[in-house]
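What follows is one chain in structure tokens, specifically the form predicted on its own.
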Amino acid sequence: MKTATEAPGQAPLPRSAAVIGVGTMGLGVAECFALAGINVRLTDASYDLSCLAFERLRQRIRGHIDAGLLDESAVEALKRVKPADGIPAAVADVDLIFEAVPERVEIKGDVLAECDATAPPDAIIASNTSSLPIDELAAFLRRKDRFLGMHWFNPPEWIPGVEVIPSSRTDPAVIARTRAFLAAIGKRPATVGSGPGFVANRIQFALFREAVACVEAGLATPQEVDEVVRSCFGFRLPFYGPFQIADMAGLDVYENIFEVLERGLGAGWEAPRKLRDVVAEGRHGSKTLAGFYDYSVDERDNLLLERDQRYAALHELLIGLTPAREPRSEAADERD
């Protein structure tokens, strides 16, 4: 994991953090911070639980060392972590406050209000929420300008993406400082709006909804759906997002497929207006050097070569990692 360093001319990046609520996500984020050279204070519902969380963190790091995910020097990160007796003691002089208590507005609200009342005036306050409206949470703070959402994904040590969700009152400088901090510790921040589910869960749950619909329609078993997702279109997702994948496939092709889906599945499956507009402009993707992205001839050719190289490398990696066995079917489960 990377160590946080400051770029010349920028506001100082956080060098200390309080993690409030030390369940699965809070503990993993605390590990990320500590490994990146950040001093961390842990606090939970009681001091005993905070101390217990520190011991769980010790075991977590040891487990990652034993599994070969970290080298032996990672134990040194524990010297930067201390349990704290309550929120005021945890946040008293830190640069960043990371709230990760249960996903209920009233619980988060009480915690955020106490953080706001006792933290240094220039400390960033972030809530790790996966779906709650950020403006609704911001209402509990007097200093709304320093508050935002910071949505990590499980397991936080290894998943690089973090959604940064400003409220309508978040200071742009706080957004920039938060993004710079996350990038400095090796994460890949994306700033998104505070709509239902933000971006990641909105797309993830749309995928799950359709996966269940395919099983309910008798098209495939859950095991077969999982295989299709991970070895077909999902195989591309470590490298490219949906817009660039569509560009490489051809946006006119996408529009035609939407017509088939609409005829077969009905309303709600028509091609998105944005897609129709782009195709109507003659922007059919990388083959026309313009789609959702613009390309020169060299950029297009390099993109396609890079794509093939990346897919081939991932395929070789998966051959070494994936057991050579057929997924179990529901029918087999019933025979057991």
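When you see a residue number, it is the position in the sequence shown, counting from 1. The structure presented is a predicted model; accordingly, all values stated were derived computationally and were not measured.
Omitted from view is the form predicted in complex with a small molecule, to which the following refers.
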Tell me, yes or no, whether Ile107 is in contact with the small molecule in the predicted complex, where a contact means a heavy atom of each within 4.5 Å. yes
Going by a heavy atom distance of 4.5 Å, is Asp44 a contact of the small molecule in the predicted complex? yes
Report yes if any heavy atom of Tyr254 sits within 4.5 Å of a heavy atom of the small molecule in the predicted complex; otherwise report no. no
Although the small molecule is absent from this view, report whether Glu103 comes within 4.5 Å of it in the predicted complex, heavy atoms only. yes
Could you tell me which stretch in 207-215, 129-137, 244-252, 184-192 has residues with non-hydrogen atoms within 4.5 Å of the small molecule in the predicted complex? 129-137
Note which of His151, Arg80, Arg236, Arg177 lies within 4.5 Å of the small molecule in the predicted complex, where distance is taken over heavy atoms; exactly one does. His151
